[in-house]
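Next up is one chain by itself, shown in structure tokens, the form predicted on its own.
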């Protein structure tokens, strides 16, 4: 898989294709934990461990977006409006997304207290959270949007479309217990596309385009590694012969 180097400014179509290509081969939907989930090979306690980790990745998502918002100039009203709307949906809409995640976690057999305790997640999860904070705080707003919205968030619908049906049909969760997944199939499809448009509009130099592609690759690598670590930590040891 060759990583594209930008040597001259790409038009919108070419840049969009390059952003999409930067994720290919790194999709978290193909990580072992995702595959085992979609194939019905996990058990309920694995979902509890997933939730205890996932909270510390997505729980601060409004914080990440807030840092990007602070770095976005007043002239980029489209980006500022998107970031505010995304934060609103995370924290102030009908129900907080993290509350839906905790509802699922409790149905899987863990507790709110365990979910909120960062000591119950892997070192890779902690690294993903730290990377998200660093990128959102330090990078140009178009680059940070590329990393977090294109590289990470835009992958969610393709992951959850495979995982949500089996939660109901194979693993026996109710629609209410699994609402977190159903909600994000639609909301993150919208967020992902708006994120693409912001990056296409505001990465207006060769250097910004190159940095966006690099950070999209990094983001996809981070999400794949985070998901793989869940399998390596919680599933694989149970498969070893006694």
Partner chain sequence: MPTIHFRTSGRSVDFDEGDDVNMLRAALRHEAGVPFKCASGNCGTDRVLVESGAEHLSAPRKRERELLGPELIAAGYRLACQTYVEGDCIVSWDPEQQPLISERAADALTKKWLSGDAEPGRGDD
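Keep in mind the model is a prediction, meaning the values are calculated, not measured. Residue numbers count along the first chain shown, from 1.
There is also a form predicted in complex with the partner chain; it is not shown, and the following applies to it.
Stretch 178-186 is the contacting one of 66-74, 203-211, 33-41, 178-186, since its residues have non-hydrogen atoms within 4.5 Å of the partner chain in the model of the complex. Residue contact check for residue 99: one or more of its heavy atoms lie within 4.5 Å of the partner chain in the model of the complex. Proximity of residue 109 to the partner chain in the model of the complex: non-hydrogen atoms within 4.5 Å are absent; the residue sits far from the partner. Taking the partner from elsewhere, residue 157 is found to have a heavy atom lying within 4.5 Å of the partner chain in the model of the complex. The shortest heavy atom separation between residue 173 and the partner chain in the model of the complex exceeds 4.5 Å. Interface residues of 50-78, taken as those with a heavy atom within 4.5 Å of the partner chain in the model of the complex (partner not displayed): 55, 56, 59, 60, 63, in sequence order.
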